[in-house]
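A lone chain, given as structure tokens: the form predicted on its own.
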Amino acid sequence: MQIFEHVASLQKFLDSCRKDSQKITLVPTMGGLHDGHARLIDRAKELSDVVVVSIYVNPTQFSANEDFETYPKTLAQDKAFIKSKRIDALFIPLNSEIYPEGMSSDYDVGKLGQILCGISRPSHFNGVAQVVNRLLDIVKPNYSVFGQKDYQQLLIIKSLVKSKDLDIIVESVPTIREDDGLAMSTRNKYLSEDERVNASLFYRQLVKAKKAIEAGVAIELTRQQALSSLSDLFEVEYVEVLDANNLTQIKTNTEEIIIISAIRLGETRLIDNILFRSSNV
């Protein structure tokens, strides 16, 4: 495994790979790596000859009152983790390498970034699009891999690639969960022991809602019941049942449904979702 801190040296390495007709996959991360990231890397290795993992905590996707300063930074452990996965290149850039002209951005991902998580984090997805666009421009991969847990982000990145007509295939990997169903997340480290026990109830309520819809319960009634049940346990930011293709309201021709939610447990914000086929298909 080679470690790169500078864009020029990484690009020189990748150019040599392309001369050998090798395909390249990028796995962008913010560190704090866990088994969910391992699955992204495994998928990347299935797709191409060369895998680049980036670790960069992007300041432009954090609002002033969020956890940029306290976001888990575990670089030594992350390096060991990446080395064990036998990937080709680890990219750990400084801010000046990612944003050589400063961090201001005129990115606007539009309506898709203003709903759901975008309501409480109004600048978040603009920052995500900014950094992902920059990483894609640096690496110029054939593929890039993202997890479905951050589903709104996944759709925004797909939209970004399409709007810029980039010759990149965005691959997604299903959410990886702990044994009790909690979606793996770097921010799970914030949970106290008691909070960690209660956190598993988040996914269970989403599963309950899925079963209700599959049993024929009306979608809005199911959503209201899920909201009520989740509110007994957590501070609920939102819970919605939507068309998974575009995060709009479900229609008669909707093929895939997503139950998607964000909650707060103590000081920790958690997101999760369940994807499933509509019974109308």
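The structure presented is a predicted model; accordingly, all values stated were derived computationally and were not measured. We number the residues from 1 along the sequence you see.
The protein also exists as the form predicted in complex with a small molecule; that form is not presented, and the subsequent description refers to it.
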Using heavy atoms and a 4.5 Å limit, would one call residue 203 a contact residue for the small molecule in the predicted complex? no
Can you check whether residue 131 is within 4.5 Å of the small molecule in the predicted complex, heavy atom basis? yes
Taking the small molecule as it sits in the predicted complex, is residue 146 in contact with it (heavy atom to heavy atom, 4.5 Å or less)? yes
Contact label in the predicted complex: residue 175 to the small molecule, heavy atom within 4.5 Å: no
Please identify the residue among 195, 150, 171, 97 with any heavy atom within 4.5 Å of the small molecule in the predicted complex. 150
Choose from 88-96, 131-139, 107-115, 195-203 the stretch whose residues reach within 4.5 Å of the small molecule in the predicted complex, heavy atoms counted. 131-139
Taking 29, 58 and 61 together, does each of them reach the small molecule in the predicted complex with some heavy atom inside 4.5 Å? yes
